[in-house]
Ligand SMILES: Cc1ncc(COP(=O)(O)O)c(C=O)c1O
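Given as structure tokens, the chain that follows is alone and in the form predicted on its own.
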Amino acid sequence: MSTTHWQMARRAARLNPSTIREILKLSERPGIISLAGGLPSADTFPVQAMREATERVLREQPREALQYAASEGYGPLREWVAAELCGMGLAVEAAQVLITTGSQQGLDLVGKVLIDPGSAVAVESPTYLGALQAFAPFEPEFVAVEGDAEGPDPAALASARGARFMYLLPNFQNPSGRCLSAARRDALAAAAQSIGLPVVEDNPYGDLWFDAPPPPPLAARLGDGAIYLGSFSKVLAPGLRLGYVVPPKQLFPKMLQAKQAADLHTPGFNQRVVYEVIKNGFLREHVPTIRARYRAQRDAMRAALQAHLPAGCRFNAPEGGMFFWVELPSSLDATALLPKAVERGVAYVPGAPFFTSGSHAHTLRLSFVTVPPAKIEEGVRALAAVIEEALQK
């Protein structure tokens, strides 16, 4: 009997397990305080509103909601997204809005349409690990654009000349938590335009500001030079897997064809339920409750880090979003310290996977939104003890 031999595509070698997903398995152990996962708090999910909307959709539109649907997305939801984005300064028509199965699918579609093997793709340093994973199977050459505490350096964009695009998260970035100022956005937009560099702008966290909303998107400054991605995961519920991508009109047909080839359409039932929830202004009341909750947890983590981190450690204090970025003394390796931290009952995400080079081993990301303040303090205290012990050795 012959033995079947499966020969995998070259791109399969570039598929790697998610570092964060593997760490989440560690954090699921009983008694672990997980400061690792970038998960929104389940306590913010609008369960009752979803229940009522679900009943309404099944009562009023059951056949339509459970049938195959248009690949572009549910018309009223596309119109809602376009109106919201126009309010943010973008010139967007509903015909440009493509509803995706989470904004992560939007990144995959961008990769399919824009990346050839060997083509350059510019990214921040650090950048969102999920974007690196989405783009990697298309075999790009990543170009890391260096920057400072304010974000990517506009002058450093010269290193990305000729890249297919630059991927940016301007608002409360995952992993660093930083938010680009209006001046930095202006400078980046001008630099990108000067070298003809398109920008892919990802904005899953922009609504989660604590004291003041972020400046208008780069896409509002770049027009057809930008693709904009958004998500309902952080303001409603990630289990719905609902996001959107807004490409320039000339790219929309190919993005739509890539979407059709991937999954035909985003679940129409989910789209209709979400539209029923949000159509009358629900988010204007709901999102501020999320902000207030996350602000209190941000404050608890900031206080705990100030009280317990050993000398030589540095961290940011994010103005929104879900993450703190911590720099340990350069002699330490956050990946090597993780098992010791788990033994002490706390988990985090090492920072190296967020860099295309795997550098900056002394960095780590902490998430504060799923842990109550008292547990945040306990977890940070345990983490600080692990760091202190490593420094003494």
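Residue numbers run from 1 along the displayed sequence. This structure is a prediction, so every number in the text was calculated from the model and none was measured.
What comes next is about the form predicted together with the named molecule, which does not appear here.
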Mind telling me which stretch in 286-294, 98-106, 152-160, 81-89 gets its heavy atoms within 4.5 Å of the named molecule in the predicted complex? 98-106
Is R184 near the named molecule? Define near as a heavy atom within 4.5 Å, in the predicted complex. no
Does at least one non-hydrogen atom of R298 fall within 4.5 angstroms of the named molecule in the predicted complex? no
Can any non-hydrogen atom of S233 be found within 4.5 angstroms of the named molecule in the predicted complex? yes
Heavy atom of F315 within 4.5 Å of the named molecule in the predicted complex: no
Which residue among F142, Y128, W209, F269 has a heavy atom within 4.5 angstroms of the named molecule in the predicted complex? Y128
Looking at R241, R164, R302, R221, which has any heavy atom no more than 4.5 Å from the named molecule in the predicted complex? R241
Interface residues of 198-216 toward the named molecule, as seen in the predicted complex [heavy atoms, 4.5 Å]: D202, P204, Y205
